[in-house]
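Two forms, one protein chain; structure tokens for each follow separately as structure 1 and structure 2.
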Structure 1
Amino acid sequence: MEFAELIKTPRVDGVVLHRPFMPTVEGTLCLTGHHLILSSRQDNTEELWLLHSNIDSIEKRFVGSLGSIIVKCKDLRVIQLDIPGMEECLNIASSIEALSTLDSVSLMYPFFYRPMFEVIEDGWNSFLPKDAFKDLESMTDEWRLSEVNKDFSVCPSYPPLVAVPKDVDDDTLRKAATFRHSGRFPVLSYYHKKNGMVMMRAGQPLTGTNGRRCKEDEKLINATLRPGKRGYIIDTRTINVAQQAKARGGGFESEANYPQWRRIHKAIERSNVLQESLIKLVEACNDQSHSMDRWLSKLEASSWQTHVKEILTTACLAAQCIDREGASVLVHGTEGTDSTLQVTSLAQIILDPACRTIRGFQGLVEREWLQAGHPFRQRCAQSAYSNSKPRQEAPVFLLFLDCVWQILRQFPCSFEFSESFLVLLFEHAYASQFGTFLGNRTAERAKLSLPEKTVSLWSWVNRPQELERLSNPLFEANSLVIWPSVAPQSLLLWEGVFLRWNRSSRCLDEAYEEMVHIIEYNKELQNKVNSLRRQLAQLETEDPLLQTP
């Protein structure tokens, strides 16, 4: 298909762009296959380059022959384009609509994007499972890397290589997979070096209403327990939801069949509820009325902060079981691709200092989200402004990032990256020139040949200038477990995402720069003092005359 067919009017002059907290720009609007571009054709004026895939929805308004298109983006920005001429406006609107809702993955921008920067390290090879396993091997020999899923036949949403207990053979894994939702048999998520306890994740067991059991599944997870020890199963659903799942063939591990495990139910909401929550939250943030009551009640009614609290609480519970109780943990919800990953990845942020570095965090996103089969394409197809009926969309990953931000706010010196890294990941998960977040699972990515045909986001991030931009000037390596507070008073609205386009951030940005300045100046002085000291020492040793004053 040619993009040209979809572009009814490629160019309109005299278009006026309105953006919050920025001067209006008048210029020429151009539509290309992947971008909406507005340029004033003057120096010193910023051009607007907007990816069509970043457009969540548009609205048209007409006053006389002047048409306006209100463009609502997935990154929550809202801009307005005033277009002279009704026909031009209608053409532009329908072209944008068509281009921003292309169904075929292979037409997405990452397949057309050519990097304008030097790739120092190919991000597609930066976080391979076998490299991650090497780290594990250096700590323990109780695990092995299984190739049972090498052709994605045992579990379509798992990567070809997964870490499993050494004493469990591939046949057992195959059988266990038939007993778990979407074949997601229990695999290793995290090994706690401090005490050798582990966190595993899986899909729900398919016990059904008549209490099916699977000896292989029991054997598999029992193999992770030390003799005489008990483990915890954290089911991210309430007991009621888990009970109801039995009717649809799902279920949970019964005490009788899993006597060595204590099951705890938590209440993380399912994806469609989360999507609704995001829509309501963004609506509340964009509310123009100046009523405090209205704001607080809308914020409360959105339940967004409730979800943040629930997810963090569950992650803390998992981390506590491992670090404080010295027990191993299995986490699952229904499919094991959403709330499960929120919990396992956040627990690692809490427990493992390595995950709080820039590179470690990338590795975590790779392992626990991309390779673990979080369906990014489905979940991030639409954001808060979508008019279409939600299908599989849900801000599961955004909630995870929000939770990380909450921990970052409580431990501002313990993360190597700053808030801007989290915002960047949010943006790229929804619309990107990079191939990293395309597709729903490793199998799909392999089929699309993403590593060959697109550039990895990590290739771009892992360059000195970008790393510097994303790094946290306050960082001081903290090897401890960090326990966040989950009291409502401690959890804040993530302004950097939700109020980003609603308020001027000038003063806060200046404060950030001032903070950087204070730290840089200190470093500069330290260097000067050190080099002077060296010079003095040199003077003293070099000049024998000075030694005998």
Structure 2
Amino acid sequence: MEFAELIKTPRVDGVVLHRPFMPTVEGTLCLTGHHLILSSRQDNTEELWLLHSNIDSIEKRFVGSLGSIIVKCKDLRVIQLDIPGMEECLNIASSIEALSTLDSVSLMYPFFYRPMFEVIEDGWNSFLPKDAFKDLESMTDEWRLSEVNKDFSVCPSYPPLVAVPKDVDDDTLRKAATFRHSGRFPVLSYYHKKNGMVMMRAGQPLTGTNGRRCKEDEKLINATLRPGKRGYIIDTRTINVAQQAKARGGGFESEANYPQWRRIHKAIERSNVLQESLIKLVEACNDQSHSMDRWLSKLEASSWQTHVKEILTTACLAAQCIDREGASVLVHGTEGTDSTLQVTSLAQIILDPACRTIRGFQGLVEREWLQAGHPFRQRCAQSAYSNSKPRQEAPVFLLFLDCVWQILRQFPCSFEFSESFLVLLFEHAYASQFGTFLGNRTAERAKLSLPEKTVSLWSWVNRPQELERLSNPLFEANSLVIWPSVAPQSLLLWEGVFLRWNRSSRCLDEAYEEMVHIIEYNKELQNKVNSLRRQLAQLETEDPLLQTP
């Protein structure tokens, strides 16, 4: 298919762009295969370059011969284009609708994007499982990298290499996979260096109504326990939902077959509920009625902060079991690709200081989201403004980033990265020139040859100038476990995402610049103090009379 076939009117002059808290711009609107571009061709005027894939929905309005298109984006931005001429407006609108809803992944912009920057580090090779395993090998010899899934036949949503207990062979893994949802047998998620406890993740067991059991599955998860120790299974569903799953062939681990494991149910909502919650939250944030009662009731009705609290509480529980109880943990929900990953990745943020660095956080997103099979293409196909009925869309990854922001806000000096890094990841998960978040699983990315045909987001992020921009000026390395408060009054609305386009950022930008200036000035003074101390010490050694009593 040629993009030209979908573009009825490639260019219109005299288009006026309206954006919140920015001056209006009049210029020429151009449509390309992947971008909506508006340029005034004047110096010092910012051009608009908007990816079609970032467009969630559009609305058309007409007053006489003047047409307006309201463009609602997946990053929650809303802009208005005033287009002279009804025919031109209708043509532009229908072209945008066609170009923003392309089904074929291979027609997406990352396959056409050519970087204008020097690729110093190929991000596709930055976080390979074999490299992560080298770090594990330096701490313990109780695990091995299995190639049982090298052709993706055992579990389509797992990577080719997975870390499993050394004493468990591949045949046992194959049999255990038949007992778990979508073949997602228990694999290592995190090793706690402090006490050797581990966190594993999986899909639900397929016990069914007959109480089916699998000796190989029992052997696999028992292999992670130390002699005389018990473990915890954290099920991210209510007991009722887990019971109902039995009728559909799913279920949970029975105490009779897993006597060394204690099962805990912590309810985290399913994807359809989360999508509805996001839509209600964004609607509340865009409500300009300025009524306090209306705002608070709409915010509460969205239940977004409740979901944040549920996820953080479950992650804290997993971290507590590992660090304070000295017990290993297995986390699963139904599929093991949504709430499970929220919990395992947040628990690592709490426990592991390495995950709070820029590079460590990239590795976490790779391991616990991309390689672990979170279906980004399905979940991020629509955002909060889409008019079409939600299918499998859900803000699972956005909720995870929100939870990370809550922890960062409570521990502002413990993270090497700033809020800007989290916002950047949110934006690129929904629409990007990079191939990192394309597809639903590793097998799909391999089939599409993404490492050969697209550029990795990490190649962009890991350039020195970008690392500096995303760095937290308050960062001081903290090797301790950090325990966030999950009390309702401790959890705030993430304004940097949800109110970003609804208010001017000028005052916040100025405050940030002032903070950076104070920190730099403090460093200068500290260096002067150190220099004077060295000079004094030198003088004292040269002249004994100057020595302080």
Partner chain sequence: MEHIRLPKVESVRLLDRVSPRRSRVGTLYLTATHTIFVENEAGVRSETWVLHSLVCSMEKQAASASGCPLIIHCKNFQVLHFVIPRERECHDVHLSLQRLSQPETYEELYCFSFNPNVDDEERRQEWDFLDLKADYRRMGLPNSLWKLSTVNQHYKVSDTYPADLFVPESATPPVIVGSSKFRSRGRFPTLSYYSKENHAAICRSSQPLSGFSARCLEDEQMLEAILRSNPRSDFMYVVDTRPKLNAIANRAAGKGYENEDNYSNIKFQFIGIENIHVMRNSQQKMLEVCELRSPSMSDFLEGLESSGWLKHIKAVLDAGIFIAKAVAEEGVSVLVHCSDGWDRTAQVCSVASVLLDPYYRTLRGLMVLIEKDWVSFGHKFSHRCNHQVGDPKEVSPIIDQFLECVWQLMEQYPCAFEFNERFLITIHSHIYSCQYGNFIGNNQRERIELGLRERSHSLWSYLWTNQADYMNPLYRPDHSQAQGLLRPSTAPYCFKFWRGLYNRFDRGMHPRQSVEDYLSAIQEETQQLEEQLASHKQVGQNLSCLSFKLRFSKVENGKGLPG
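Residue 1 is the first residue of structure 1, and the numbers go on in sequence order from there. By rigid core we mean the largest C-alpha set that fits within 1.5 Å across both forms. Quantities reported herein were computed from a predicted structural model and do not represent experimental measurements.
key: Chain form predicted in complex with its partner chain: structure number out of two   = The form predicted in complex with its partner chain is the one given as structure 1; the other form is structure 2.
Is Arg533 among the residues whose Cα moves by 2 Å or more between the two structures after superposition of the rigid core?
It does shift by 2 Å or more.
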